[in-house]
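Below you will find one chain, with nothing else, as structure tokens; this is the form predicted alone, and questions on how it binds or moves follow later.
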Amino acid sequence: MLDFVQQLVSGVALGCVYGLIALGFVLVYKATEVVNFAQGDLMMLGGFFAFTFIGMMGLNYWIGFAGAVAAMALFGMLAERVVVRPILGYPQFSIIMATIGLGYFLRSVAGMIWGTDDLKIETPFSQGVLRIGSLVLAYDKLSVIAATMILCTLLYLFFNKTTLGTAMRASSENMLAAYYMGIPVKRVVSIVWAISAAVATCAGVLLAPITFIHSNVGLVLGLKAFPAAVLGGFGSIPGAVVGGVLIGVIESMAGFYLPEGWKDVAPYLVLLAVLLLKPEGLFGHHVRKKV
């Protein structure tokens, strides 16, 4: 039973990281109907920025964290302006290839600047453990879960209780109608990309105590986070987080209880089963097309 609880907590913590990356996929897709396949690499770059501020420059953890989030928010706006906006309106395949190319570019630049070694960020939660009887839970994993819950609550309040959040939701529902209503759609899209990059950075910094940061970590985790977004229902913000947690828990349990090799396969088998039964995902809205 203790092993089960520990694996459950580990899976939820890893799933929270998947969920935050998936959240970035969903935010960009809802605003622009573009699938940003560089989302995982934005997480990687945010992690490297945090390592630079905290590990190399010696800044306080929280200041370095905030600095990395701010830097990546600006980078997200720049990426949208330079890479995506000039080709909006072209076939979706062109935009997808542009984001894939952006991911390759970011991995190459990160390798040239920070090298190919695995890096780790020391956090206030790296060492401690919580003991409940015979159960031992690491603070780093609990901190990931708590931070994800706080971040999701803040995003919910932002999108539902602020004027800018309402404008973003309106743009995601009908961009043309939002434009006619006087909403600055281009600025809103840039801000969505900034929020997406900032959320990805949070995922990268939260991941640092659990695993190492390297130039390919974004590609690996992005391939796990994309199915999480699909599982939850592509376009559903709560679904992205729930899908990420489910993928993380299934992966953790399969790695502990099933033979070697099932850890990476099991989440995709569950994804296929869910999509066969509920093609729109767990939280997606089914659209019936008239023939």
Partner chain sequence: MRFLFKTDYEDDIKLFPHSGYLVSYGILLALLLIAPYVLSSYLMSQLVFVCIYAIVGVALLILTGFTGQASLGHAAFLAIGAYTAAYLQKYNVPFPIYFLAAGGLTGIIGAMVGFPALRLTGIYLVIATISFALIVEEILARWESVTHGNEGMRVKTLSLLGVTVPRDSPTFYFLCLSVLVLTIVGTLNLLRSPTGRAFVAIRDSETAARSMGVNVALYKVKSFAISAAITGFAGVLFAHKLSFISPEMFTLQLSIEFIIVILIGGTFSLHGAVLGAIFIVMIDPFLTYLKDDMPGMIAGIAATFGAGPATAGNIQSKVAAFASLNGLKGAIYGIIIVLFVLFEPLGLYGRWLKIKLFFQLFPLYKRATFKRQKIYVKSERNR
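Only the largest set of C-alpha atoms that superpose within 1.5 Å between the two forms is called the rigid core. Positions refer to the first chain, counted from 1. Since the model is a prediction, treat every value here as computed from it, not as a measurement.
One more form of this protein, predicted in complex with its partner chain, exists but is not displayed; see below.
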>> Within 4.5 angstroms, counting heavy atoms, which one of the listed stretches 53-61, 226-234, 241-249, 38-46 is next to its partner chain in the predicted complex?
In response: 226-234
> Which one, L164, I150, I87, L157, lies within 4.5 Å of its partner chain in the predicted complex by heavy atoms?
Replying inline: I87
> Since exactly one of L78, I145, I100, A178 fits, which has a heavy atom within 4.5 Å of its partner chain in the predicted complex?
Replying inline: I100
> Does at least one non-hydrogen atom of G182 fall within 4.5 angstroms of its partner chain in the predicted complex?
Replying inline: no
>> Just checking whether V265 would be counted as a contact of its partner chain in the predicted complex - the rule being heavy atoms within 4.5 angstroms.
In response: yes
> Should S190 be classed as touching its partner chain in the predicted complex when contacts are defined as heavy atoms within 4.5 Å?
Replying inline: no
> Does its partner chain come within 4.5 Å of any heavy atom of Y29 in the predicted complex?
Replying inline: yes
> Which residues from 150-179 come close to its partner chain in the predicted complex, meaning a heavy atom within 4.5 Å?
Replying inline: S172, E173, N174, M175, L176
> Do you see a C-alpha shift of 2 Å or more at F159 between the shown form and the other one, with the core held fixed?
Replying inline: yes
